[in-house]
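One chain comes next, on its own, written as structure tokens: the form predicted on its own.
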């Protein structure tokens, strides 16, 4: 499989949640792709459906419509994660890993780091691998994530380690499975600024070394600009814009993308940032058309009634907005 092929292709994904108040329409026909070795940023305000999309990929959440097509190098086949059998999913799960926002909640507190790291390695290792080989690989992984004294850490419990160390262990456990796709859901949000920088640099280096495709979920545009090759901008369960990272920041097209970028505080100052007026619409009764229409400074009458289709600005830049001549879908 080459860099040009899609490792993951999500098409028209729709997710609803039934609550006592009614049905929440959280994801509305979301489509994204990720190629082998590519780092894809998924950015948007908190509550826009980014984490829900990530959990759909690992089957923590079941969509009501759409496809999640994954190319499995080990099975040499293309599978739809939504409809695949449990036996096939068990094999695919070894190739797809997810790092969660809270490392303390992702590691079992009653087992040592060594027990959990060895279990992660054993999960994907050949059946003939010995205990000494697993132990050696576990120590190597801790060294790869730049944790000193790995023997001591192997015998430690998670509560005996700092948040930054716990997050490094989560990264080591995910990479120990040697996944083709890694989903990182706000992996630095709970850490202080200096540790964030260390984790991001480490994450970037390791992913490049292992040639793992990454979907990096965050609301931090600075993180996206530093780590992603390509970016999808989400708002209220819809994809507003997608482009290469450089092009998105140099030439943002959608009014929401422009609002996000202009809301980032500048080191040079320049007054108080106002942000984007208004609030995300209720998922119980979202607009039929573009969900950003209630906050958009460039809204036209049909925006509330008809969802604008994704239109191509060029080969690497797409935007869903009637400002750019798209016809109603």
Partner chain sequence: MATVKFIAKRILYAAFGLFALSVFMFTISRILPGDPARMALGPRAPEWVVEQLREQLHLNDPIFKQYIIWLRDAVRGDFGESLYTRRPVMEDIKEFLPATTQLVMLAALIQISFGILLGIIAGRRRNSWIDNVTRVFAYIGVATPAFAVAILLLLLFGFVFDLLPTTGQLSMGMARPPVVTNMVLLDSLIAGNFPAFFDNLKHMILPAFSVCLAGMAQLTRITRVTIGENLRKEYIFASRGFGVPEWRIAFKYLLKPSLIPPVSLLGMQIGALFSNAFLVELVFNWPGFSRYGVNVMLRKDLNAITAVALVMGVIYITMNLLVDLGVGALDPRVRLGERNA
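Quantities reported herein were computed from a predicted structural model and do not represent experimental measurements. Residue numbers count along the first chain shown, from 1.
The discussion below concerns the form predicted in complex with the partner chain, not included here.
- Shown here without its partner, the chain carries 60, 108 and 157, all of which come within 4.5 Å of the partner chain in the model of the complex through at least one heavy atom.
- This chain is drawn without the partner chain; in the model of the complex, the residue among 177, 139, 223, 153 with a heavy atom within 4.5 Å of it is 177.
- Proximity to the partner chain in the model of the complex, defined as a heavy atom within 4.5 Å, singles out one entry of 93, 258, 201, 74, which is 93.
- Proximity of residue 161 to the partner chain in the model of the complex: non-hydrogen atoms within 4.5 Å are present.
- Interface residue remark: residue 231 is not counted as part of the site for the partner chain in the model of the complex, having no heavy atom within 4.5 Å.
- Within this chain, residue 173 lines the site of the partner chain in the model of the complex, having a heavy atom no more than 4.5 Å away.
- Heavy atoms of residue 123 reach within 4.5 Å of the partner chain in the model of the complex, making it an interface residue.
- Screening 80 to 88, 247 to 255, 233 to 241, 95 to 103 for residues having heavy atoms within 4.5 Å of the partner chain in the model of the complex returns a single hit, 95 to 103.
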